[in-house]
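Heads up, the chain below is alone and in the form predicted on its own; it's given as structure tokens.
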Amino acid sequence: MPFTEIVGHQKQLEVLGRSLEGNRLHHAYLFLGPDGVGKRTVALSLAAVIHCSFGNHDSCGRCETCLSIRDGNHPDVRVIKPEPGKREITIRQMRDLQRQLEFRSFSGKKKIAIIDPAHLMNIPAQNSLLKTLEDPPGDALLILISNNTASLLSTVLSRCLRLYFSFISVEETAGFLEGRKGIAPEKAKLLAALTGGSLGEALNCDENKLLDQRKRWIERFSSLSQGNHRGVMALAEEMAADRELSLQVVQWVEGWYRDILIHQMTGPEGEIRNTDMGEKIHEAASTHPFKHTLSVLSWIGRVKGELQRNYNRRLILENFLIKLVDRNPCGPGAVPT
């Protein structure tokens, strides 16, 4: 995919574009950010720009070279991930990569290795990769992709140039779904809001299933009464069993409170994301104290960061839910059902 067709991440693309124009690409990058926002897409697009048969400062996206990179068949571009049935990237895979990088490229251009997800490399694999990072072949480019740095050795991190990726704006996601995928505007806007700016999730999710899941989990939150610590413990335990689920549920709750805040600050004319819950948002905004809404959003920001860094999920969620039920004078029942 050409750079010009990528949704969002304009600052990151500008950094890479300037490096390409000045022939100043770093030998190793770490693309860091949430899952599903397009980090691998950018990495493959960078590979296509470097190898494209006809492009200058961007790839054409149509030549045989671009198509082979897109399909994973280009001999000088490798994507390294856990092997089937494995949960880690192993030292054997890293040693194989080192051998491949020692050979001259087929195209005469850079040999590119994309390690995704890099945080699944076990410690021996990372130590093996470190040798390549310290003394890389002149025509090699390594791109590590990860959603966190907690599992990566400091020696690996210090030898990579970091590019930070964040969620794509709801507006950009909705515009893509509407303009390129032909989804109706209201449906595109709701789907973008539900997936929180993760274009990959928006493209691959089942909308009806996602709506049902959101409703069910929000109902679980709303069923908690003030001081119901037993219910809090049970809900936290269930959420903590799945990292991605816990992040998704917290994201839905954040979106709900964000809409309450917008309604409180701008009235019913405000631009809310949960458009299918307009009446409930109006009701909650009229009963929630403004300061409490701000407090909840502040708590959620910290919770998301701690969950991303793989801290103790159950403890994080228990603390958050206890604060939510004990400090909300309206009770969590103000959350929609």
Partner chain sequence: MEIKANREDFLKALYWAQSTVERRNTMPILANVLIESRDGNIRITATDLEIGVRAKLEGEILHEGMVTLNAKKLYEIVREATERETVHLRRLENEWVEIKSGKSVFKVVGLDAREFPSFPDFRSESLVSVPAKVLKEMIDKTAFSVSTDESRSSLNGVFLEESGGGKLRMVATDGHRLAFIEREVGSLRLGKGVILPRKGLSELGKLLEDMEDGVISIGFKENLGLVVRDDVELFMRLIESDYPDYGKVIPKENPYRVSVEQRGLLQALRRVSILSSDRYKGVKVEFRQGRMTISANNPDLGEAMEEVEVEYNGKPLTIGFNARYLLDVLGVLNDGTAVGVELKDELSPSVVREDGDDGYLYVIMPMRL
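Every value quoted in this text rests on a predicted model; they were computed, and no experiment measured them. Positions refer to the first chain, counted from 1.
One more form of this protein, predicted in complex with the partner chain, exists but is not displayed; see below.
- Here the chain stands alone, but in the predicted bound form its contact with the partner chain, taken as any heavy atom within 4.5 Å, falls in 134-142 among 148-156, 134-142, 254-262, 167-175.
- Heavy atoms of G267 never reach within 4.5 Å of the partner chain in the predicted bound form, leaving it off the interface.
- Taking the partner from the other structure, the partner chain in the predicted bound form has no heavy atom within 4.5 Å of any heavy atom of E271.
- Taking the partner from the other structure, the partner chain in the predicted bound form has a heavy atom within 4.5 Å of a heavy atom of D96.
- Shown alone here, D71 lies within 4.5 Å of the partner chain in the predicted bound form, counting heavy atoms only.
- Among the residues Q213, S223, N127, S107, the one placing a heavy atom within 4.5 Å of the partner chain in the predicted bound form is S107.
- In summary, among the residues P75, P82, G200, G227, the only one with a non-hydrogen atom within 4.5 Å of the partner chain in the predicted bound form is P75.
- Although the partner chain is not shown here, in the predicted bound form the stretch 112-131 places no heavy atom of any residue within 4.5 Å of it.
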